[in-house]
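In structure tokens, the next block holds one chain alone, the form predicted on its own.
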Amino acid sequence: MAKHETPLLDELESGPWPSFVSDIKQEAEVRAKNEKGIDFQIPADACDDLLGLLELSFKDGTTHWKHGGIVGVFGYGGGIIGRYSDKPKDFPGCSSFHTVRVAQPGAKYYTTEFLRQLMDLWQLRGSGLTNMHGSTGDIVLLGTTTPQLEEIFYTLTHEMDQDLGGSGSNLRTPADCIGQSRCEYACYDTQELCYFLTMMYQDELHRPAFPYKFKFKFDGCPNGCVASMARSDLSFIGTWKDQIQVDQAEVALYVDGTTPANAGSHSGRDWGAFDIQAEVVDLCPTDCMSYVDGELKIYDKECTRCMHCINVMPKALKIGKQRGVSMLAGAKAPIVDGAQMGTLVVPFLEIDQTMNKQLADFDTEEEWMEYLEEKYEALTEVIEAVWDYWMEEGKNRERLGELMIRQGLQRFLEKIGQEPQAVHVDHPRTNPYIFWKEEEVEGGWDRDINEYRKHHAR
């Protein structure tokens, strides 16, 4: 029998979609029956009281969680989000309900053994409720008490070889797509780069020292499966510098219907025969393609790497061979102020495709990290230049994108050592102008006004 009546929450179970309320009720029932005989280390009625507290919040039209709290594990400034109820006597089971952020495995590859370990740990020392995953990417374990934090941390790090994620004004847990492990479109090894930067910047991840939070995300190609361009302060999007690879024989097989378009994802839908003109050429955003006399032509200088044509005809079109990343800065997605997309700051940074050694090729992990430091040296130089500027000029709780707006793109590019280029212009005639500096002008600013007027009539 439920501990609290929840008529308002019950309404959230009445629609056609799965409800988080049902999940909490299910966990509350499991903990009440405790058929496995678990020695719960937090109150067994934590989920029951959570339902009661949430029902009261709906009834009162206000939250009953107090603002955060300083709580964590020894030596770390991030990874734990303190959460306390302002009704501890009425709902003692969730008077403390801390959130633990755990760094997700690269590209979210899990083994069943790891998942069982994780669930067993959280059943024992937490509420059993999880969020897989948070918007940053972390495994989010919802609801535990302060005495359990060190116990959870020990199990994660010593028995499961897993670390806490980021929280607070620090580097948040980097997140990547599956990359070259399964995707033919990936222009670089997202998992390798994500792992390297995570290990490289452990202090920034666990010991807050930034003006505000900072996110890395890694997309292997412009399809953007982790939406890095929209959700990260510094995004790394795989791209190529040369031509799209075209196999004209395969193009012909798409045109005559032998090979299904879109990798067969539209099969079974009565949309008629594939029309390369209507479905590929006419949908190119820069009109850089034509199909003439049975041949597909691409004018690559006009191509913006949108991936549409490659997605439609993956057997006929492939990414180029000179591969690397584009780096965009300043994205964020706040609810109140509105979303802000990343600004292109490094159009292309080539990643050497011949440098593809694995950890197994080295005697120690330290040697492997030294190899990765060399491989990604140009990239880390940009990262650290961005951080130096942001930490020096950023205000408290000011994201990088907000600083870029406040001081302008020109200053940002100067600070990170990037020469202004036409590709930096997002919307012509609306971007801030790039002004000449006196030392860049031959002879400086001083001019003889009379000499000037000889050539320019008034």
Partner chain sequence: MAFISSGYDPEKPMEGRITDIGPKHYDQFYPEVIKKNKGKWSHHEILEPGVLVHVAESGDEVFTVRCGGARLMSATHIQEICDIADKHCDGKLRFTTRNNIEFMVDSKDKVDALKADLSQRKFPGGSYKFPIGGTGAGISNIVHTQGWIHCHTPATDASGTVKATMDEVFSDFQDHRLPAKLKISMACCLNMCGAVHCSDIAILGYHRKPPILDHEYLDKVCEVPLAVASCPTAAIKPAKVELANGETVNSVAVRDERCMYCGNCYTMCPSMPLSDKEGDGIVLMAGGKVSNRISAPKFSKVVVAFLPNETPRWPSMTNAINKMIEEYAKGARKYERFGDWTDRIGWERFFDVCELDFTHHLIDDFRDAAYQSWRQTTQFKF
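Positions refer to the first chain, counted from 1. The term rigid core refers to the maximal set of C-alpha atoms that superpose within 1.5 Å between the two forms. Keep in mind that this is a model prediction, so the values were computed, not measured.
In what follows, reference is made to the form predicted in complex with its partner chain, a form of this protein that is not presented.
**Q** Counting only non-hydrogen atoms and a 4.5 Å threshold, tell me whether 12, 108 and 191 all contact its partner chain in the model of the complex.
**A** Per the other structure, all of 12, 108 and 191 touch its partner chain.
**Q** Only one of 294-302, 202-210, 343-351, 382-390 gets a heavy atom within 4.5 Å of its partner chain in the model of the complex; which is it?
**A** Stretch with heavy atoms near the partner: 202-210.
**Q** Closest heavy atom of residue 61 to its partner chain in the model of the complex, within 4.5 Å or not?
**A** Residue 61 belongs to the contact set for its partner chain.
**Q** Indicate whether its partner chain has at least one heavy atom within 4.5 Å of a heavy atom of residue 57 in the model of the complex.
**A** It does: once its partner chain is placed as it appears in the model of the complex, residue 57 has a heavy atom within 4.5 Å of it.
**Q** Should residue 170 be classed as touching its partner chain in the model of the complex when contacts are defined as heavy atoms within 4.5 Å?
**A** No, no contact at 4.5 Å.
**Q** Even though its partner chain is not shown here, does residue 128 get within 4.5 Å of it in the model of the complex, heavy atoms only?
**A** Taking the distances in the model of the complex, the answer for residue 128 is yes, it comes within 4.5 Å of its partner chain.
**Q** Taking 4.5 Å between heavy atoms as the contact cutoff, choose which of 263, 253, 246, 71 touches its partner chain in the model of the complex.
**A** None of the others qualify; the residue that does is 263.
**Q** Given that its partner chain is left out here, which of 90, 242, 370, 150 has a heavy atom within 4.5 Å of it in the model of the complex?
**A** Contact with its partner chain in the model of the complex is made by 150 alone.
**Q** Heavy atom within 4.5 Å of its partner chain in the model of the complex: which residues of 227-254 qualify?
**A** Going through 227-254 in order - heavy atoms within 4.5 Å of its partner chain in the model of the complex - the hits are 227, 229, 230, 231.
**Q** Against the rigid core, is the Cα displacement of residue 417 between this form and the one not shown at least 2 Å?
**A** No; that C-alpha moves by less than 2 Å between this form and the one not shown.
**Q** Does the distance between the two CA positions of residue 41 reach 2 Å or more between this form and the one not shown, the core being superposed?
**A** Where the cores coincide, residue 41 shows only a C-alpha shift between this form and the one not shown that is less than 2 Å.
**Q** Kindly check if the Cα atom of residue 404 is displaced 2 angstroms or more between this form and the one not shown relative to the superposed rigid core.
**A** No; residue 404 is a residue whose C-alpha shifts by less than 2 Å between this form and the one not shown when the cores are overlaid.
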